[in-house]
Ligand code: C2E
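Encoded as structure tokens, the following chain is the form predicted alone, with no partner shown.
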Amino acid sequence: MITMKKELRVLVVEDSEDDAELVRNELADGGFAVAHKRVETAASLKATLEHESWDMVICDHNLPALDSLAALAIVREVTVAVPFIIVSGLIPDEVAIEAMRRGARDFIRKDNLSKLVPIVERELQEAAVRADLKVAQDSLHNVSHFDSLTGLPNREHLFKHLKSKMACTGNDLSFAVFLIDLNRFRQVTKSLGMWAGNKVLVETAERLRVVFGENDFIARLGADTFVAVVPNLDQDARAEEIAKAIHNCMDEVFQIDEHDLFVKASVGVSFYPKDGQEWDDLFKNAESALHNAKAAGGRSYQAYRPEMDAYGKERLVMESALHHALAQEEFVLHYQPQFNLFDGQIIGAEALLRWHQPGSALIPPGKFVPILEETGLIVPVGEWVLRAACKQNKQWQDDGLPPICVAVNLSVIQFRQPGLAQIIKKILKETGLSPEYLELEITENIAMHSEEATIATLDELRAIGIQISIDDFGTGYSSLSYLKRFPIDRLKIDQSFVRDHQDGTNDDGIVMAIIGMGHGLKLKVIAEGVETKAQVDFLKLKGCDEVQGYLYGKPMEACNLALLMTETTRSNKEICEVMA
């Protein structure tokens, strides 16, 4: 039976070739296939270590050019991993002890070489353990300091970097903290799933690496937020140039499988030392700048200004108040009537959420609905809206008013929540409203992504007997393909197309196309934002079915809509009697 010898690369620091040969023979007799090299000067030792890898260094103590302590210092300067063993004819005990203290693994007298093989085998095993431990430590360091998805430094690493940088720099030095947040990233993950969101994040990290130089520190803070620390930057103008570069790199389409996604970014920046001399102040101010940039919308940039703190405080106060608003019954619904364009009858109303804080005027939805969506409060508040609208509609019917359909908007988060159909069934049962008098409005962005899941949810809702409409049609990804597949009843022309009609100009072609598309699919078409007689005449000429807008009625309290329904019914009855 042939036994394979263990390979061993040994660097021998020895001025005697004979003694080096004794060492090699002892190792060979112990079962090692030895690859070796002998050096005897400091220069040759260092050069050999730097250009070749070794499993073991075996060193004599007394050499003309250096001793074992000097050789050990050179070895440890180049590498800490290679075991260092002293084999010497004579070495004082105190020197041997000092060598061990400095990192030598063992020492052997040349007249006792029988100990060499067991020591080498022990050191190789321990070196393997140390190597495994180093790999584990490196892995732990990576896990604790780097983002596993993008490979960028993580939050912990970022804050350590900021603390270290601020500890080392005086107030005469400067740097900027850029906070970069992806707009509508949640829409990507809600529509296409986390796999698509992860691909966007990885691609964003690569793009940011290109924008920022090697001297800049880039990190992923978490979710869809990135941070860059740029040294020697204290000017708004230069920071704005970098922000433009960020926006430009994000303008390029993200190609995620068969989808072309357009993801924009908001950028906030603060400067050290003028915007904070402690890392948490500096970072907090960058967040204030980012919040203002996001509020501005689109591909926006803001540098921190002290007055922004007021916005941040106002936002926190509003978030806190919204958490209590539902329990304290501060939400109210207003209703905007919808009319049949040809006979003037009220055929429906859109329920619109308002917030009435005690001691203040009504707060419009544009100021608080985005916060509801960001905090997740849109789900319980949305359920309240559904229940309140159904209850009110049933009350109108019980009061003898002609039955109408009340439309309620569903956010993306509401539409995607599990058990939506069961929730609506329960609300209809509790309020006693017949399903045909409830309409749910969804946007095109809900409709276009995850078509099979969307169709399944819509089928459940239609099975209940409620109506479905596509809101803001024409502003998203208007597609005949999904309209043909989806169980919907009505298209709602976005008010921006109606508002721009001025004597047959601008968006007339879009309005005509939507009406034609809807009627071709046997859908009702309603136009919102109708404010002038010219708009009414145009819509009537093109065959639009229904209208909604200030010309016919602003959003109003339930009692006022009841009066309007009563008056409209009376007027139409009188007209019919005269015509008869």
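Note that residue numbering begins at 1 and tracks the sequence as displayed. Only the largest set of C-alpha atoms that superpose within 1.5 Å between the two forms is called the rigid core. Because the structure is a prediction, the values reported are computed rather than measured.
Keep in mind that the form predicted in complex with this ligand is not shown, yet the notes after this line are about it.
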| item | value |
| --- | --- |
| The unique member of R130, K115, R354, R184 whose heavy atoms fall within 4.5 Å of this ligand in the predicted bound form | R354 |
| The unique member of S411, N154, T225, S88 whose heavy atoms fall within 4.5 Å of this ligand in the predicted bound form | S411 |
| Triple contact flag D471, E531 and P555 to this ligand in the predicted bound form, non-hydrogen atom at 4.5 angstroms | yes |
| Among 199 to 207, 346 to 354, 258 to 266, 228 to 236, the region lying within 4.5 Å of this ligand in the predicted bound form by heavy atom distance | 346 to 354 |
| Interface membership of E441, this ligand in the predicted bound form, 4.5 Å heavy atom rule | yes |
| In the predicted bound form, R499 touching this ligand (heavy atom, 4.5 Å) | yes |
| Contact test in the predicted bound form: Q495 vs this ligand, heavy atoms, 4.5 Å | yes |
| Proximity of G549 to this ligand in the predicted bound form, heavy atoms at 4.5 Å | yes |
| Heavy atom contacts to this ligand in the predicted bound form at 4.5 Å, residues of 25 to 40 in sequence order | none |
| C-alpha of V530 off by 2 Å or more between this form and the one not shown on rigid core | yes |
| Core-aligned C-alpha movement of A239 between this form and the one not shown, 2 Å or more | no |
| Core-superposed comparison between this form and the one not shown, V547 Cα displacement 2 Å or beyond | yes |
